[in-house]
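One chain follows as structure tokens, the form predicted on its own.
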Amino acid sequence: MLVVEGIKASYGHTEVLHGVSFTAEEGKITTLIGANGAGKTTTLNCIAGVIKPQEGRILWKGQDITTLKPSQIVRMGISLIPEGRHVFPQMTVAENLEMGAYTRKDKEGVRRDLEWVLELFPVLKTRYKQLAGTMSGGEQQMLAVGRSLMANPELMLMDEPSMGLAPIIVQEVFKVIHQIKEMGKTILLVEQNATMALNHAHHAYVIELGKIVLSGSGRELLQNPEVEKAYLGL
């Protein structure tokens, strides 16, 4: 289980997280929804070790990871898929996937996971030698997820996986997210498409101006009048 306890984080002198606390259960999808600037990405970056909180702590499977380096956190089974995908555009699909496994020494496990990723994303197999920068946004998103899976993570942090994608591709992305959860992975999902996120989440939190203001099951928040008005366009 991931436990975030009272984290505060700043950019310069501006505090953007004001004591954020929540949990994400193993093998389930937990989502954070909120407006732009609410602190969603900052929260993920704190968990991934990219930003160090000024206060609070982050526990993964009972171990305090608050002060660890990103490379140490990756080795503990936590992988971040950043907003905007950030594939390596001048590298091939194959090279991008290889980069995802850079911390691993188990060559047989890497080979097995590569076969699994290419089975999960057939488009990556057909584009295997193609430069990542020449692919469509949806294909790059699949590559970003596949690259993350190559690290063999237990916890996947997904930041806006549907951003900028056509509705039909968004459906495909969430189908894959559900498949990954069915494989036993834990997913913490940050997503502005609140309807899709809540429909797939076991548990959900609403973050506003750096604070958690609502929580409940995905179904409960879908039916919450405040959430409907602010995030679901109803």
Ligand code: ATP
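Predicted model only: the values in this text are computed from it and were never measured. Just count from 1 along the sequence shown to find any residue number.
What follows is about the form predicted together with the ligand, which we do not show.
Visitor: Tell me, please, which stretch of 59-67, 197-205, 176-184, 33-41 lies within 4.5 angstroms of the ligand in the predicted bound form when heavy atoms are compared?
Guide: It is the stretch 33-41.
Visitor: Since only the chain is shown here, I'm wondering whether Asp113 would be in contact with the ligand in the predicted bound form (any heavy atom pair within 4.5 Å).
Guide: Contact check for Asp113: no, nothing within 4.5 Å of the ligand in the predicted bound form.
Visitor: Is Glu83 a contact residue for the ligand in the predicted bound form, using a 4.5 Å heavy atom cut-off?
Guide: Because a heavy atom of Glu83 falls inside 4.5 Å of the ligand in the predicted bound form, the answer is yes.
Visitor: Using a 4.5 angstroms cut-off on non-hydrogen atoms, would Glu160 count as touching the ligand in the predicted bound form?
Guide: Glu160: yes, in contact with the ligand in the predicted bound form.
Visitor: Does Ile212 reach the ligand in the predicted bound form if we count a contact as any heavy atom within 4.5 Å?
Guide: Flag for Ile212 set to no.
Visitor: Do all of Ser79, Phe88 and Leu155 end up near the ligand in the predicted bound form, with near meaning a heavy atom within 4.5 Å?
Guide: No, the whole trio is out of contact, none within 4.5 Å by any heavy atom.
Visitor: Can you tell me which residues in 169-196 come within 4.5 angstroms of the ligand in the predicted bound form, by heavy atoms?
Guide: Heavy-atom contacts to the ligand in the predicted bound form: only Gln192.
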